[in-house]
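Two forms, one chain: they're shown below as structure tokens, one block per form, named structure 1 and structure 2.
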Structure 1
Amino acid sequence: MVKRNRMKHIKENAVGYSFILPSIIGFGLFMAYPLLHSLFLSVMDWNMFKGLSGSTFVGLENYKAVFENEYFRAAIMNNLKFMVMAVPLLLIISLLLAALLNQKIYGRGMIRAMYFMPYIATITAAAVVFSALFHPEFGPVNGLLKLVGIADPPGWIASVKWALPTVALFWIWKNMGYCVVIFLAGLQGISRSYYEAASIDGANKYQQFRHITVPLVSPTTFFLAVTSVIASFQVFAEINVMTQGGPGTSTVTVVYHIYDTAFKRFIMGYASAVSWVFFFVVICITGLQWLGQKKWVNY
């Protein structure tokens, strides 16, 4: 009996492992190994032009260089500003739209499809279109602003002050449909009976939204807050197509800085150190969100 049980156990394990084997291989090859290698590179002085033999161990020198580099400092500040500008706005607008869409309305399918379309659109093509729309001299956005009497409209992506907000606007437009759909999924899990009870008690639509919808959808909000923050830190295609980090350092982000030093200037050791500092920052922010969730997320 014991023996049969053991056989069963071995078989069970084998079946289980066979199901996850492809993922394990992928994990090893595309996650575990590159991570360890990257950690190793980050303590080496290695410029790709020198070849591997030209690399020397430098300890934490690269990390010191990261904190002393003004581009990195500008990049991390831009990432934080971008997060603060884009993520709350994205979540608030998406939740409001999802709450409206979750009611009985005409043409729901078509409207949802319109909101979701930017998310599907090829990112660089959309970035090309936005660059033209927000062109400081000829762009239709400024054309319209001049038409309504604003004589000196913003320079958008050509202006140090406006470039980052313009990219943020583009990012919100691109990702809103996804957030709306995820919020809709969350809203559909809220029982109608809460609203019925509240309306019998005389709560108006705003009170119902504030005291039923917002708290009960909070696990979804939390999920989107965590994933959107991580995504906002990884913004890259938008920057590379629309601004190339400029004007000045006004739109340099950490990922753009990594790309620039690693794949344009081939300073691999330093770039690896940047990526680990970056990872640490993302972990800290996600950790803070986890700690903060007790205050506002209702499971």
Structure 2
Amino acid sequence: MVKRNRMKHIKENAVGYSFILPSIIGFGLFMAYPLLHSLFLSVMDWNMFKGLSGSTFVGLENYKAVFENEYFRAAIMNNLKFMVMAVPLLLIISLLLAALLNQKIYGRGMIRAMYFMPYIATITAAAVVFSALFHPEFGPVNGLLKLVGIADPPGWIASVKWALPTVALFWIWKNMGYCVVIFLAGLQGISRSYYEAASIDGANKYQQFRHITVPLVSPTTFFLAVTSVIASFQVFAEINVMTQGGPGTSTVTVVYHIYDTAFKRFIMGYASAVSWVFFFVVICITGLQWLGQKKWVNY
């Protein structure tokens, strides 16, 4: 009897493991192996056209080169500027829109779908359209600004000063629909009784939003803050399509720097070292967010 139960237990475990086996194989092939291989490459000087025989061990020289490279320093500064510009605006606008769409307004479903459409649009196509809209000479945005009396409108993606904010604007527009949907889910979990009690006490709509909505939706805000910061550091397709890091180094980001170094100039060892340095920077920022959430997130 004991032997039969043991065999049944082993059979059930085998069936369970067979279900997760494809995921384990996929993780090993496409996540774990490339991760470990990039760590190996980061201490090598590797010519990819000569195979593994074309590699030379250089120790920490690639990491030293990363911190001495002005292009990398410009990229990491651009990433930080991009995060500061884009993430707070994305969260504030998304929360305000979600609070508005959580009300009983005419055409609410259609408006929700309209805001979500950019998120599911192909990023390359959307970036090309956005670049055309903000073209410094022929774009309709500058045409409109000239019509209202602004004789010298910004150069947008052709300007060193405006290129990064323009990409940030596109990134906010592209990701706003996703954040609105997540905020709506958070808002619908707040009991209406809080608002009814606040109304009886004489609180107006702003006071209800400030003292009920914002604190009670803070776990959702924290989740979106963490994921949006990570996403802002991963910005690549927008840069590649709209500016390719220019003008100058005004829009180069770390991921674009890695792509440019690894797949255009084939310096794989240095690119792998940049990837690992970047990984630890993102881990540190996420860790700081995790420590800071104890002061403002209400569970």
Partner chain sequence: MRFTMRKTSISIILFLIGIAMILPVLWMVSSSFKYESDVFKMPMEWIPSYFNPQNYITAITEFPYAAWYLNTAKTTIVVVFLVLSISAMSGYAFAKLNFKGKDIIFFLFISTMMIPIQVRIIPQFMMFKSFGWINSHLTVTMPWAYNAFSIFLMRQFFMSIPNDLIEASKIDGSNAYGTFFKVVLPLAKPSLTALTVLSFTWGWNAYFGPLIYINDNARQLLAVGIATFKAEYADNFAIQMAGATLALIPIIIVYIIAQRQFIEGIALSGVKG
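FYI, numbering is relative to structure 1, first residue = 1. Here the rigid core means the biggest group of C-alpha atoms that line up within 1.5 Å when the two forms are laid on top of each other. For clarity, every value in this text was computed on a predicted model and none was experimentally measured.
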property: Form predicted alone - which displayed structure it is; result: 2
property: Displaced residue check between structure 1 and structure 2: Phe280, CA, 2 Å or over, core reference; result: no
property: Yes/no, Tyr17 Cα shift of 2 Å or more between structure 1 and structure 2 with rigid core fixed; result: yes
